[in-house]
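Shown below, as structure tokens, is a lone chain in the form predicted alone; questions about how it binds or moves come after it.
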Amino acid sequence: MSVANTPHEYTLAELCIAAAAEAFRGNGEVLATGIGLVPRLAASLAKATFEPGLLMTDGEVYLVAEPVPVGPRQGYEPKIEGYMSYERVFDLLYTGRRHAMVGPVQLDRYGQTNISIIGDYAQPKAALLGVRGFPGNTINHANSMFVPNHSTRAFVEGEVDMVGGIGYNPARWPGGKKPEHLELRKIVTDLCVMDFGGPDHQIRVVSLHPGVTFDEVQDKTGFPLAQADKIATTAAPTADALAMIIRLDPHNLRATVFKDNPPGVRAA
């Protein structure tokens, strides 16, 4: 048996990183952007292993031949292979040649996302980041999401409190016409992996993390979920993937993603 398939221990964060990396499989030469620690490590893992054609920056202004590890670099020198100014990012963005993985605060049944406010827009309970790049991103290129706390506060019953990122709700499409590059792909949470493969792009559970049931996921979601014909168990990261995650996150920042850094296999 190869080392890549040898049984091994892994954390929930590492399980989510490996699962989120799969969202980039088959992307080819597009700009991969991971917003937040898990999405960044996921995109980096994909490029470093099974999707080497992904374009990735050093987080500043250069394209790099290999993902830059997160945290203090301590002598690491990025392997620069090109120039990627802010202007050039938009050249890719506007033509659909980008895949971003983001972390919305709220998400609804349409895949609409919110990072702006909680509560009524005129008098919100909390003011957050504003819509940032979500409107332009969601009408121009593929997007996936990472939600670390799967709950009805994140997956809301009605529409999100403010639609910052567009989804599969025709009432919100500019001019009532579906944007050409609108494509929502994967949602990875602390409980499961979902996609938009249900009827009329309904959010669908495709895999459950070890020890999690569909009923638990549904109870923590504010709207009905579709189910894949056969719901899989989220694949454990291979030993090779774990070794790469350690290289990409040498300071173990991933241990801070979930409280107490729980194991990837939930105890019975």
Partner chain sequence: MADLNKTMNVAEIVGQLESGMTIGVGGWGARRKPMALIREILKTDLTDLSIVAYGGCDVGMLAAAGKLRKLTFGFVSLDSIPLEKQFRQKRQQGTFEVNELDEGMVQLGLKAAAMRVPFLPTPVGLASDVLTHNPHLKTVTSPYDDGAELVAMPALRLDVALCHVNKADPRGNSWIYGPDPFFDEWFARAADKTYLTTEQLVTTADLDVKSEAIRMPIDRCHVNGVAEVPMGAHPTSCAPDYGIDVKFLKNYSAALSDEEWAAWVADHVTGKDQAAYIETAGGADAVRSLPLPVF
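Residue numbers count along the first chain shown, from 1. Given the structure is predicted, the values throughout are model-derived calculations rather than measurements.
This next part talks about the form predicted in complex with its partner chain, which is not shown.
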Task: Of A226, V61, A65, A243, the one that lies within 4.5 Å of its partner chain in the model of the complex (heavy atoms) - done: V61
TODO: Scan A154, A142, V131, V102 and let me know which has any heavy atom within 4.5 Å of its partner chain in the model of the complex.
DONE: V131
Open item on the list: Residue-level question: is P174 within 4.5 Å of its partner chain in the model of the complex, judged on heavy atoms?
Closed with: yes
Task: Any non-hydrogen atom of E77 within 4.5 angstroms of its partner chain in the model of the complex - done: no
- [ ] Using a 4.5 Å heavy atom cut-off, state whether E87 contacts its partner chain in the model of the complex.
- [x] yes
Task: Any non-hydrogen atom of G96 within 4.5 angstroms of its partner chain in the model of the complex - done: no
Task: Heavy atom within 4.5 Å of its partner chain in the model of the complex - qualifying residues of 216 to 236 - done: none
Open item on the list: Thinking of the 3 angstroms or more shift, are the C-alphas of G130 and E87 brought closer or pushed farther apart in the model of the complex than in this view?
Closed with: closer
